[in-house]
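Below, in structure tokens: the form predicted on its own, a single chain.
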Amino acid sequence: MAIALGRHERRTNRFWSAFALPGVGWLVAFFVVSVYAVAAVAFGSINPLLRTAEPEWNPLQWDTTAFTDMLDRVVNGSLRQVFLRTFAFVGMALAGCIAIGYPVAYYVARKAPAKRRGLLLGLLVLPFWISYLMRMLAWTNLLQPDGLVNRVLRWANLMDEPRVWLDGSWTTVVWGLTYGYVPFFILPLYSTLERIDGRLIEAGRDLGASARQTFMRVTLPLSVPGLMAASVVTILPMFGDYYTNSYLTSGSPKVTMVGNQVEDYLRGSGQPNRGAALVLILMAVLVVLMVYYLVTTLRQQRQAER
């Protein structure tokens, strides 16, 4: 009897495990294979006449010259400043997303009336219906010297002369990144805040904590996993972003990010192998951040189980 039950359980597990096959196939086809193709270009060669990439698919014949050169540039050369600038822009944009997105997610999840919550969620999803590039192009018009932003600021007597926002200002890039990615931050954070058991908050209030103390000691700690997940979802595409500063600053070299360097190598310099090598280096940096996120999340889960 026990043997029969064991066999049935194994068959049941195999049946439900089969549902993961489409997802595994998708990851293999569009992630593993894609990364290997990038590595083949990075460690391959360049056609001397056409200046196009000639991928090397055999790992035993990979040439690491381009990769080591790009790594040296990132650590000690001209690309070091670009990486530091990218980290600074992403960090400031993430801070802006937290400052804007957390109150919005908290209000929709915990304070908004239930009958309005669906409408508010629809408004939060609305930016995804519009192309990111179209939204950036709209901002280029709003930030023109005679655009709506300068007209409103002058009408409010906040400035005497129109400000040139599109001349390579880092503030424009940071605000553009914040505006473009804050919807990605709000939705996963909302999901976490909405699942917090209201009885825990009520218990804090019953024990004499004020609304502020309850938020700081109950709601905020319980929302940390969602805050970290939202941050990861937000910063990963930011690191590879190359069109925000291209549109909002006309490609000014003063605000060049890693994504712009990758685009230049892949499209304009005739050195696609160096661009692919830079992609691998950026991926390695992001993998370190992802490992930190996963380790922290697992540690928090184990502490919660105790």
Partner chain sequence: MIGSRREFLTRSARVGLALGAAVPLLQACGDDGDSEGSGGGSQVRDSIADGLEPEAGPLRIINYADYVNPEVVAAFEAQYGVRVEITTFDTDTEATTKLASGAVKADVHHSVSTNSIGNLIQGGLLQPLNRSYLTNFGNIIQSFNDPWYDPGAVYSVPYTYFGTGIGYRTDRIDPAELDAQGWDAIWMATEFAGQVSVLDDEREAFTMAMLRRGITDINTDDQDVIDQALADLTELIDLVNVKVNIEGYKDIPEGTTTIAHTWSGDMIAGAASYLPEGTGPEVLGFWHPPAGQYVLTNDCFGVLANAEHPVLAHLYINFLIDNAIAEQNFGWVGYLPALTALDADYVIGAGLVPENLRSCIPTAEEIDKALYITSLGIEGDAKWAEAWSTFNAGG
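What you are looking at is a predicted structure, and each value in this text was computed from that prediction instead of being measured. Numbering follows the first chain given and starts at 1.
There is another form of this protein, the form predicted in complex with its partner chain, and it is not shown here; the text below is about that form.
The closest non-hydrogen atom of Gly240 lies beyond 4.5 Å of its partner chain in the predicted complex. Contact annotation for Trp57: at least one heavy atom lies within 4.5 Å of its partner chain in the predicted complex.
Using a 4.5 Å cutoff between non-hydrogen atoms, Gln61 does not count as a contact of its partner chain in the predicted complex. Of the heavy atoms in Ala277, none are within 4.5 Å of its partner chain in the predicted complex. Picking from 126-134, 97-105, 82-90, 190-198 the stretch near its partner chain in the predicted complex, with a 4.5 Å limit on heavy atoms, gives 82-90.
Contact annotation: of the candidates Met228, Leu121, Ile235, Leu166, the single residue with a non-hydrogen atom within 4.5 angstroms of its partner chain in the predicted complex is Leu166. Within 4.5 angstroms of its partner chain in the predicted complex, the stretch 251-273 places a non-hydrogen atom from each of Gly251, Ser252, Pro253, Lys254, Thr256, Gln261, Asp264, Tyr265, Arg267, Gly268, Ser269, Gly270, Gln271, Pro272, taken in sequence order.
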